[in-house]
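One chain is shown next in structure tokens, namely the form predicted on its own.
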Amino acid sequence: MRFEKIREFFRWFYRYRSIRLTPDGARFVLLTLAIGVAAINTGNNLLYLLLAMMLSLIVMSGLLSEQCLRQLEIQRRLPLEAFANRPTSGGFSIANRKPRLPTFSLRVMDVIGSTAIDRGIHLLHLPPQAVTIQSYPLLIPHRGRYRLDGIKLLTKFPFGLFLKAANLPLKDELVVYPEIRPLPESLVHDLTALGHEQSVSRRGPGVALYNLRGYRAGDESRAIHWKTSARQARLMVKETEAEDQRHVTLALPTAMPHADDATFEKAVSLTASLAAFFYEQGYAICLILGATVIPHDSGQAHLHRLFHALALCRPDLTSPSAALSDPWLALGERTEQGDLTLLVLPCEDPQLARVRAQVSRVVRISESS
């Protein structure tokens, strides 16, 4: 039983610990071997004494470097939101839980897959019971899930003879939103003009009078228009006009007749850029993404919901003969009801010929450059 525990300890130790010689350490070990051979051949007590001192330095180096890596609590700090190709920052919270011993010369690295990513974080001294937060610049080139599989700690303390590493299996995941690019002035002008043309009065919460109708059971008494009720000798209720009347529907097909990831990525980025533009203009935005429909809503939380869906979408290599789903067939009705409907085309698809004729505007990826 004791042998099994010892073997389990060494299995754990070598899984999460590694050690290798530095160039200086390799020279020091070779010199130690040379002095050991000389001491054995000559029997010189001074050489034996020097050999013992050098071996003790090697042992002390292993023990002290292990103390530097023990009882550390590390938490990764990721940004709340991240966009592809937009600089942001991440960080680590590093706590030394040792009651008396400090930590020296500590490097902290992220691990993605089996690769350690150097973030440029090097702690020279972390006192006992102290906590520090170290930030680093972060630039992620692609949208989607950004997975971090662990943290690697490195130290050369105390003599620089060995590089000892500790691997911590700390997993994190960040959903990276699509790249947001400025829209060309010509496209902005067209969209602004279309928005004014498509704006119609709608019933909704507001101040302006939209309509007068007869009272129905369940109507609030404060909505009764008393002057008109007295004149017509029956209760009349006023309906107000919604203050923000502008609605937009963005439609991005995910079915691709052939694999072209670069083209699809441009279309996703363009759709996200359009969503950001209409959010700034105060529109209620609906997104049709393949067979997925995110209904009209506004606000930053809704915008992030759209970005999240766009970040995780993938092209669907569907047969060109596949029938269009109901949300796509209903785009014409949305346009007739006053919505500004935009179809973002990654590539030409004959299946979308009917849809192109029913939307307010077709936006091609060539217009984003």
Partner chain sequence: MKPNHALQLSSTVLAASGFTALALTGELPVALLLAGAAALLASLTPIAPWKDSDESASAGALLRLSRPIWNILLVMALAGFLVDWWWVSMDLLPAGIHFLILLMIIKLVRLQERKDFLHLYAISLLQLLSAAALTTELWYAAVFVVFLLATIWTLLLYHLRNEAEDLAAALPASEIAADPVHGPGPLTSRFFWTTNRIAVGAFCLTLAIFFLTPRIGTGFFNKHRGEQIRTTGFSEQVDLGTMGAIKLDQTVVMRVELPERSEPLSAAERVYFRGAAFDVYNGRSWIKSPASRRLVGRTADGLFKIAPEQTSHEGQAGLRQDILIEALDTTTLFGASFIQSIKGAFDFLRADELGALSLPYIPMTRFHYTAWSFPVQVRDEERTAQTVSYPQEIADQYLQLPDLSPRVDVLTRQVTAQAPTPYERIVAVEGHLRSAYQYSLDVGTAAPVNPVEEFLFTRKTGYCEHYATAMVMMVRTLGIPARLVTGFLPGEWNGFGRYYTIRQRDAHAWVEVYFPRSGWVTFDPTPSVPAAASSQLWVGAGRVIDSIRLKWDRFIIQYSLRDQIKMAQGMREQGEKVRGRALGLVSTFHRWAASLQSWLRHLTLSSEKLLPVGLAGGLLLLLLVIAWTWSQRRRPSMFPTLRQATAVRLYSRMLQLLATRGIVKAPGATAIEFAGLVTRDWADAGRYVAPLTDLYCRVRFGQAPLSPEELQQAEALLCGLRNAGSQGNS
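Numbering follows the first chain given and starts at 1. Owing to the predicted nature of the structure, the values given are computational and were not obtained by experimental measurement.
The protein also exists as the form predicted together with its partner chain; that form is not presented, and the subsequent description refers to it.
Can you check 140 to 148, 76 to 84, 154 to 162, 177 to 185 and let me know which stretch has heavy atoms within 4.5 Å of its partner chain in the predicted bound form?
Of the options given, it is 154 to 162.
Quick one: does Thr292 come within 4.5 Å of its partner chain in the predicted bound form, counting heavy atoms only?
Flag for Thr292 set to no.
How about Ser273: is it within 4.5 Å of its partner chain in the predicted bound form, going by heavy atoms?
Judged by the heavy-atom cut-off of 4.5 Å, Ser273 is well away from its partner chain in the predicted bound form.
Does its partner chain come within 4.5 Å of any heavy atom of Thr254 in the predicted bound form?
Thr254 lies outside the contact set for its partner chain.
Does any part of Arg27 reach within 4.5 Å of its partner chain in the predicted bound form? Heavy atoms only, please.
Judged by the heavy-atom cut-off of 4.5 Å, Arg27 is in contact with its partner chain in the predicted bound form.
Looking at Arg213, Arg234, His122, His189, which has any heavy atom no more than 4.5 Å from its partner chain in the predicted bound form?
That would be His122.
Considering its partner chain in the predicted bound form, which of Gln300, Asn45, Gln337, Ser325 comes within 4.5 Å of it through any heavy atom?
Partner contact (heavy atom, 4.5 Å) among the options: Asn45.
Taking its partner chain in the predicted bound form, which residues of 125 to 155 have any heavy atom within 4.5 Å of it?
Residues within 4.5 Å: His125, Leu126, Pro128, Gln129, Thr132, Gln134.
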